[in-house]
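Consider the single chain below, provided in structure tokens and representing the form predicted on its own.
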Amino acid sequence: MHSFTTWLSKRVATAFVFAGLDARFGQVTPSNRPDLAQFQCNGALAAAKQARSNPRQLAETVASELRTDPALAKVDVAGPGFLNLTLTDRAIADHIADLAKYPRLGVPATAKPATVILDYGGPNVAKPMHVGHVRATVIGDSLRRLFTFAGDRTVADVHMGDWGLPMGMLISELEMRHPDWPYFDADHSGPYPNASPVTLDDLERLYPEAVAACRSDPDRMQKARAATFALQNDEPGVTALWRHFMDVSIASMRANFDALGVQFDLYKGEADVHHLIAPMVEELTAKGLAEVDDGATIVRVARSDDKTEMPPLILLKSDGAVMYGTTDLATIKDRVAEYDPDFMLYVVDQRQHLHFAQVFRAAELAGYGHADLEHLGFGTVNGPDGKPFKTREGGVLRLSALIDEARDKALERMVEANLAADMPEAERAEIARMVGLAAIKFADLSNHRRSDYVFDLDRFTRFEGKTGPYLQYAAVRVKSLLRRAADQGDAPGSVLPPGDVERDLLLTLGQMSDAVARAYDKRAPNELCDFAFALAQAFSRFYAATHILSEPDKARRAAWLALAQLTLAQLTLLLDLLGIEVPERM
């Protein structure tokens, strides 16, 4: 099962071959002049250039062959050689009827399933998650859902920042404040406490204090480096304390991710590959790829065709310290050995593009597998002032606080719209939770990931316009329609050839697989958002122009209900791929 454009492209391609031309010129797209035709093909212009012939004459030859097809109501040649195509209403109805029977709603599974590792989320241990984690998390989760739906094997890794000097700063700060703790007693031989002596709030407060102290005092920094060295050499006390950091941090992360409706397969971080770094550096040195330069161990990744300077990847600083690039390179090596992936997708801030370019080039030089490595960069979430989003007090907004604000604002909007007013309080609160998350996710995903956007909770929670709540309400309204139809004894029936009121809806329903394919190929969930909004609008226009439940023609009424049912199925699928739930009612 395919979209209208895929089906027509195959048909037009055969007409180009019939005319002695390459089939690739038969690509069909929706018409940019729907007042003239439903679809168009511009391939005759390029084909004529290759064949050194008149493009209009060539287009007429192709059109003549296409006019023999009973599925095409009209085939016109416009301008210098544009092909305008219009399907018969019967062909449109038959295609939609087949699509409705298809388990995947007309979206084919990928022909060659791949193993895809998605690296997103990226929270740091000992720090609470904040609004800056939203983009990586919701974009990565949507891509995981999209690739899984396509038939790929996906592995989602949160990839925490859990190692290095920041941990040493915290450990040394706690040692200075609590020297009597068993973690700092070199003679301690018994087990260490099972309960963490610190909470995430404690760590959040201590970390900036420790950083400030280390920056202002060389002796204090030396203590942090010594603690880092002890941790990296697996000294029992500091390792036990670090595991407490991990436990309280991961518990908080899981609570935040659960609140967002996001799941990960792996909770790994930099520490998981620490044991691979020394042998990896030795291996790269033996291959002649790593060298010592001014005391640091580096891999030169510049190429002769680089148009801008490409600095080398630093594996070890002159003092032996490990860099982020080193752990990222070791992580690639580890993932290749464990999963043999076809793709590794890194959903990380666009400002890290140079870093990933260096790491990916080093991986290629080292021969670490055949996987395609892609950095899917994203822009920033800004406040109304155009600067990175902050709280009203100027601080960084915690993710949990953002979710709570969105839920509260959603409930406020529901009251304004008189939605769910007669429902039990628990159900109303659950709907507000769904609506609040839809507002957050759709606001982010509806923008191309590389774009910055302004976070405006007032606008994003509205039930009008291009918002997540609007799409939820559109789906809920179709659910209500189908329930009322069932109550009066009506059920969806066969799709009939459309009239003017429903033709646009049928044509829109026939294009969902194109939107899913574009989102997959471009790694761009905004394609799904755009199509979901277009579908909701098409149904809204159809609904406003008809009186479905009171239509006297029973067959037409059943056909319209079939369109409503298919619209709901497509909207539900699209929203699920975006990580958005649809309430049963509002």
Ligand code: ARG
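Computed from a predicted model, the values in this text were never measured in an experiment. Numbers follow the displayed sequence, beginning with 1.
This next part talks about the form predicted together with the named molecule, which is not shown.
Visitor: Counting only non-hydrogen atoms, which stretch in 119-127, 436-444, 247-255, 77-85 is within 4.5 Å of the named molecule in the predicted complex?
Guide: Flagged stretch: 119-127.
Visitor: May I ask you to choose, among T285, Q352, T115, T148, the residue with a heavy atom within 4.5 Å of the named molecule in the predicted complex?
Guide: Contact residue from the list: Q352.
Visitor: Tell me, which of Y346, F389, Y183, F463 has a heavy atom within 4.5 angstroms of the named molecule in the predicted complex?
Guide: Of the listed residues, the single hit is Y346.
Visitor: So in the predicted complex, is the named molecule close enough to Y453 to count as touching (4.5 Å, heavy atoms)?
Guide: Looking in the predicted complex, residue contacts with the named molecule do not include Y453, since no heavy atom lies within 4.5 Å.
Visitor: So, D328 and the named molecule: in the predicted complex, are they within 4.5 Å at any heavy atom pair?
Guide: Answer yes; at least one heavy atom of D328 falls within 4.5 Å of the named molecule in the predicted complex.
Visitor: Examine F356 and determine whether its closest non-hydrogen atom to the named molecule in the predicted complex is within 4.5 angstroms.
Guide: Yes, F356 lies within 4.5 Å of the named molecule in the predicted complex.
Visitor: Using a 4.5 Å heavy atom cut-off, state whether Y267 contacts the named molecule in the predicted complex.
Guide: Heavy-atom contact with the named molecule at 4.5 Å: absent for Y267.
Visitor: Going by the named molecule in the predicted complex, which residues of 151-167 come within 4.5 Å of it through any heavy atom?
Guide: Contacting residues: H159, G161.
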